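So this first bit is one chain, no partners, the form predicted alone, shown in structure tokens.
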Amino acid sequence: MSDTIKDTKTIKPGGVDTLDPEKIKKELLSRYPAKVARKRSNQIMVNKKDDTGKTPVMGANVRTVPGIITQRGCSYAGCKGVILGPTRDIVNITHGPIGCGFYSWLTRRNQTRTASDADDNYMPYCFSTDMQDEDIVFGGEKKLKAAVQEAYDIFKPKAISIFSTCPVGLIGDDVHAVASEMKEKLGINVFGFSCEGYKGVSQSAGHHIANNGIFKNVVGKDDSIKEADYKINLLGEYNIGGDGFEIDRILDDCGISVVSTYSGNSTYDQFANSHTADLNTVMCHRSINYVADMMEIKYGIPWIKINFIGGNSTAKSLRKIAEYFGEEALIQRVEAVIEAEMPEVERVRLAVKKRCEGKVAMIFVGGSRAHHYQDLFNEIGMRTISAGYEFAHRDDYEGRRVIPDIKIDADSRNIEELKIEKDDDKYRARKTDAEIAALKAKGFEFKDYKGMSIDMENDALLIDDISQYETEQLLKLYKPDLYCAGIKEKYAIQKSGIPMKQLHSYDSGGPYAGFKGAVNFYKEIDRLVNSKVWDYLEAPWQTNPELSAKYGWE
């Protein structure tokens, strides 16, 4: 360890303010070759906000340096696993080797709930063409057609989707031609995704590809109008651990009807009918902002950014939705729900805060979770001293104001950009220009996201696409009370004696969204950071005298 911070290795939780984040950044970069260090230096930033709220320019949405072990997934994972995986009545066929096919069997704990046992639910199934060596050599289109036919014969689904994995792009199988042929033959909607794992820099490319595919092939096919006073779409909510169920419960209590969720607990018919909603609400900005923008242009549906993670954030989001509709009956009903729900949230929050206040956390997860979950930690007095995303773009850190400054590179050009125009038959302005102007005059914000950096404290360390080496160094230097990440990092972190909260699939926990979710999260974090078990963890050589070893930092 360099002389710049070698005296910090014994710092305990609560002493993090004595650490110089600029020196820690320098230390993290010191082990890399010069070229790699230059690249990584743009992705490791010390948060510095000026008087206008402007934050550092983050390097994001760039390829991971070969050889660096990171948390990222591939384009196929983002398309199939994140966006389409939670849809229960579309047969999702992975065209590729069975290794990729494993991920087509849900691993994120997306939950669903059918109206009756007779309703289709294919989420427990794994559909794969199981490509073999001969398919790679001679082509797999024939095998794909047979798989689509077999899936139709067995299940008779409303729709079948096909997902390309890396070998498919390399050998040139045309999944779109196969989909078109089988659509005509079977008389159902069959569509494909060119989401080869290597396309784009991370799973973010897969989100974009999936959004485009659903928008082109499904949205707008059902024009029936749902009978409800206040109709919204919930975008970027994937019902992990039952989050979506809790949000639906709250919205139902408020009298707000969800036309479609993209894509937790979702169905083909909901996507087809989603263009009839009156408002789009966006939870995970990164994974779904594409759909929100396209639906506004083509169908006239405005969108707002909301956040149902945390009691106060949930209340704020409900009030924002009510303000958009502007009817006093809805506003009063929302206030009644908040008044009924918040006492229990506050009771548990205050009890947990006594034991958690002053403790520090780090969060390195995808989507908007690294941002949203900071609200929950703040509510119980914990600080987030370092955070970052796996697959963010600059706007996820700095806010949508920087979108015009983001340069389109070769990786971004791999992804189809749809040319969306106003649909003369189905476009319907939900608000007049005067109504929109009146809301904006009161400070109401449409299609806006300020990003994560603005809500983090100065001198917090922002790290995009964090590596395993960087993770290990942060643990040694900061000694956080809690580290939040995904399944790939979980056990290595726990072996270091630091509690780890898995925020991609929650392990066996959840829901954490909404009011009840906040209570669940407070209690779980209390158990994690205040458990004595971490103090008793010992390495094998500490308990067995016949072994001789020591920690690397000793």
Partner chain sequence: MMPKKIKTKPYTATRNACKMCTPLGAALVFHGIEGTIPLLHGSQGCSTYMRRYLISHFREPVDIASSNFSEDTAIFGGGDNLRLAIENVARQYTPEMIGIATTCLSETIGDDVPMILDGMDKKVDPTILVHVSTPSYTGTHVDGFHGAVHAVVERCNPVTEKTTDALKTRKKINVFPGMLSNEDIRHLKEIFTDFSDVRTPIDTQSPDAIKNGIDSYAMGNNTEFTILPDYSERLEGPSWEDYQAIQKGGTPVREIKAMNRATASMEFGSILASTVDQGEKSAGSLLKERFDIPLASLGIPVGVKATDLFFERLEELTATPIPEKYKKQRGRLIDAYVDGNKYVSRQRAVVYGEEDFVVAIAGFLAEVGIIPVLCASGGKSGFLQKALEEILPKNILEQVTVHPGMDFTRMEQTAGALEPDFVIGNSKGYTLSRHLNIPLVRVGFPIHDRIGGPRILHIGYKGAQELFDTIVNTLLQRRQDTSKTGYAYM
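This structure is a prediction, so every number in the text was calculated from the model and none was measured. Positions refer to the first chain, counted from 1.
This protein has a second form, the form predicted in complex with the partner chain, left out of what is shown; the following refers to that one.
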Stretch in contact in the predicted complex with the partner chain, which is absent here, among 394-402, 462-470, 212-220, 440-448 (heavy atoms within 4.5 Å): 462-470
From the list Asn273, Ser128, Asn307, Thr112, which entry has a heavy atom within 4.5 Å of the partner chain in the predicted complex? Ser128
Within 4.5 Å, heavy atoms only, which of Val201, Ile301, Val345, Ile385 is in contact with the partner chain in the predicted complex? Val201
Give a yes or no for Ile98: in the predicted complex, does one of its heavy atoms lie within 4.5 Å of a heavy atom belonging to the partner chain? yes
Might Gly53 be said to contact the partner chain in the predicted complex, defining contact as any heavy atom within 4.5 Å? no
Tell me, yes or no, whether Val36 is in contact with the partner chain in the predicted complex, where a contact means a heavy atom of each within 4.5 Å. yes
How about Tyr262: is it within 4.5 Å of the partner chain in the predicted complex, going by heavy atoms? no
Residues within 4.5 Å of the partner chain in the predicted complex, restricted to 231-258 and counted by heavy atom: none
